[in-house]
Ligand SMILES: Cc1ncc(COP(=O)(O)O)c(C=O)c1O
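Given next, in structure tokens, is a single chain: the form predicted on its own.
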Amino acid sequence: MIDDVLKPIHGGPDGGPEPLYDFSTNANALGPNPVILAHLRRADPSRYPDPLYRRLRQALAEAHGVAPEQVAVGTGTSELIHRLARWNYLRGPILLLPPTFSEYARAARALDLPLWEARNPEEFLHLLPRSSLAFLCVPNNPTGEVYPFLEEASRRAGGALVLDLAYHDLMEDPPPLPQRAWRLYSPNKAHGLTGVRAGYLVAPLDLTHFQHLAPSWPVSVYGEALLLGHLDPEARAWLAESRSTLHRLRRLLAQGLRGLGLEVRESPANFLLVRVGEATAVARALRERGIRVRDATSFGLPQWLRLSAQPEEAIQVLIEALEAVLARVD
């Protein structure tokens, strides 16, 4: 038994031995992107990065058609979310639409900020004009939902509407994004390089003050290389090719789970939800068999597991193990 293993805040390593198969992370299972790896190898760790990241921000700004002042870089999406909460301090409530990524609420609670958690999309849109900072994940983690009201939400927002695009690059058919929304990018998942922590924020206004809220040099030379490599056409081509394979594997995983008689909710990216009953017990039993899955209890979904698309061999092992575990739990 591994009852003493610490449960992670939002996925990732759980403190136990390395699993044989890891379905808990939504990173690209076909990575790491070899083009990005080449960029990382060329990085010079003997030097400091530019403290203002001027070349990097200029390149990102050009890619998004904005001014460099509208781009801020950070250690990753989680760090930028916490920095947004600090930037928002004393301005007003933070609005969420659960179940969703736990870091939004965690950042608000760490600063004792007012936190509004809408019960449905209608309530979210109703509360939006009175919020100062609102988050939507596109597609949503863990449900995979793509909200059809993004443009309306951007018009109604009383403050900053932040779209977290952690899985946007892994979608089959990404929706258009409203220009007035703030956009968070964390390309390490799409390129299978979650160990390199770097992300950036694009906003419809000057982010100079927001950038200065970070400590000195929040992004390492390797983070710089990741973000610059993300813009490389060859890296984008590798990503586009991997997407079709990941979607095929996600559908194969869903087919196997439905073959066990389980309810499945597929996302348009590389992950899905499956209803297994007592998720924590099932996740623990699978972990004992060397398979790590994401217990969705922390999202408020205690009967569901979140699983990512993995190679066919891993899928077959999971389906066989899950069938045995469910029979034992039942």
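Just count from 1 along the sequence shown to find any residue number. Everything numeric here is computed off the predicted structure, so don't read it as measured data.
Same protein, other form: the form predicted in complex with the ligand, not shown, and the subject of what follows.
Residue contact check for R83: none of its heavy atoms lie within 4.5 Å of the ligand in the predicted complex. When contacts are judged by a 4.5 Å heavy atom cut-off, Q211 does not count as touching the ligand in the predicted complex. Among residues of the shown chain, Y167 is one whose heavy atoms approach the ligand to within 4.5 Å in the predicted complex. Proximity of S131 to the ligand in the predicted complex: non-hydrogen atoms within 4.5 Å are absent; the residue sits far from the partner. By the 4.5 Å heavy atom rule, the three marked residues C137, N141 and K189 all count as contacting the ligand in the predicted complex.
Proximity to the ligand in the predicted complex, defined as a heavy atom within 4.5 Å, singles out one entry of F101, W116, Y147, W238, which is F101.
Site annotation in the predicted complex: the residue of G76, G256, G159, P93 reaching within 4.5 Å of the ligand with a heavy atom is G76. Contact with the ligand in the predicted complex, judged as any non-hydrogen atom within 4.5 angstroms, is confined among 150 to 158, 203 to 211, 243 to 251, 180 to 188 to 180 to 188.
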